[in-house]
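For reference, the chain that follows is the form predicted on its own, supplied as structure tokens.
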């Protein structure tokens, strides 16, 4: 079922990567600890992302080589020579925690592709100095959930990490949030940066302004090279603005995907705004701003509708950390346009998901038409309790009559509440006839990943190893 969405993905272009002395060593030992991976009793390959492997030049690895590097974690030639647990702090549910760091993962390798620096990091690879009493392991179900999240979000256009590899390890784990004993796995993810907001926060907590400047220079060099000509206060200002704009775009894509991250702590946000580390995430069944993903989020701090405010709050914590080295930074000025950028990206991704193009050339008129569409779309979904993903599916390319009449929620489209939205849809043009005619949209129901669907996909694995 989930695979239906993958048909819409564009194939990756083959890019050549260069294995070099890993850039992370530029930062030095103040930023990480060398660690040893766990020794696992058994190796069963459960997932190999060949597209992602091609992206970093590892697609030709044999099965034995894959296991050697991504289960036993023997170093890749010319790369990180021993796994590195990165140091960071962070706000968890807006309470500061200085006891964080890579507790069940490490940075394993880095690759300089033609366009960007990419990392291979792990999850469930054993204990580190930051495990805080945990076993350093990951459940196989947790790995399975991350595979599905990254693949589906990528198909929606979200800036997300990629699940690179998963091995089942032959261990059993005790967990309070799923039936136990449960099976264990070790996951490798491909990411554009593992530098978190909390990486800067730790340095501010320790009052290390020179290391903040060093980390800033590293981030600009490898992730925001367009800023390399700037220095000091101006560089910090422009860096924070660039991160803010990138975060605003990622948040907009979450909202247009009906995605609820669940734990928007500052240690779960990185400086490239890439979405990563999928724990108790959910997708909206129906539009509900109060929908909460994590059972332990008792107050709904990170509910769907509060995600933009939460990430903006996190940006201020990143900015406050940089103020340790650059005390004159004006955070209110730096982040003043966050809302405008976020709204603009909501419009952009709403139209992208609906395969529509605004025909108006005058900027104010075009903006107002976009506002009308997005407002009416979400008002309709809230009023009629329509299925979130099914509604986007049905209205793709403007809500063609033949698609609406075969929809499982076809009765909603005969109501008066839909008429105004339909009239607004008619003001837009189809952006791509090729996408409009894609076989996926000949189906009656949309691909989705609601919690019951996810559990139904997991059940045959749990019951019959299928």
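Numbering follows the first chain given and starts at 1. No experiment lies behind these values; they were computed from the predicted model shown.
One more form of this protein exists, namely the form predicted in complex with a small molecule; it is left out here, but the text below deals with it.
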| query | finding |
| --- | --- |
| All of 98, 266 and 297 with a heavy atom within 4.5 Å of the small molecule in the model of the complex | no |
| The small molecule: the contacting residue among 384, 277, 168, 249 in the model of the complex [heavy atom, 4.5 Å] | 277 |
| The single option of 233, 175, 116, 357 touching the small molecule in the model of the complex, heavy atom within 4.5 Å | 175 |
| Options 87-95, 311-319, 386-394, 372-380; stretch whose heavy atom lies within 4.5 Å of the small molecule in the model of the complex | 87-95 |
| Contact of residue 132 with the small molecule in the model of the complex (heavy atom, 4.5 Å) | yes |
| Any non-hydrogen atom of residue 104 within 4.5 angstroms of the small molecule in the model of the complex | yes |
| is_contact(residue 137, the small molecule) in the model of the complex, heavy atom dist at most 4.5 Å | yes |
